[in-house]
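In structure tokens, one chain follows: the form predicted alone.
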């Protein structure tokens, strides 16, 4: 990699480059279903299939929000609607609305 590629201008940063910078960090994924996932990004591929560890899965049900803790998951990239680098999930919004 050239030194120019190592320090890209933020206006020219490509999506996969941004995700690559998030490896080892927390990431919040909002999915097509009524679920959200927050975990530490271990790796991903060109289809944005992601391996996450120390995961919390948030699911909105008619009874309220269900939280499931998972050690490690493989998240299919076709289910992802939005990624929030450094995001800690919807927990803050629940406390704010209580």
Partner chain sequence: MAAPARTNPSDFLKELSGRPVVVKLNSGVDYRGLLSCLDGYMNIALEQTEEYVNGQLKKKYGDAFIRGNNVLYISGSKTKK
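What you see is a predicted model, and the numbers here were worked out from it, not measured in a lab. Numbering follows the first chain given and starts at 1.
Below: the form predicted in complex with its partner chain, not depicted.
Visitor: Would residue 59 count as touching its partner chain in the predicted bound form under a 4.5 Å heavy atom rule?
Guide: Taking the distances in the predicted bound form, the answer for residue 59 is yes, it comes within 4.5 Å of its partner chain.
Visitor: So in the predicted bound form, does residue 35 come within 4.5 Å of its partner chain, heavy atom to heavy atom?
Guide: It does: once its partner chain is placed as it appears in the predicted bound form, residue 35 has a heavy atom within 4.5 Å of it.
Visitor: Taking its partner chain as it sits in the predicted bound form, is residue 20 near enough to touch it, meaning that at least one heavy atom pair lies within 4.5 angstroms?
Guide: Within the cut-off, so yes.
Visitor: In the predicted bound form, is there a heavy atom of its partner chain that lies within 4.5 Å of any heavy atom of residue 83, even though the partner is absent here?
Guide: Contact with its partner chain, no.
Visitor: At a 4.5 angstroms cut-off on non-hydrogen atoms, which residues of 60-74 are near its partner chain in the predicted bound form? List them in order.
Guide: Sequence-ordered list: 70, 71, 72, 73, 74.
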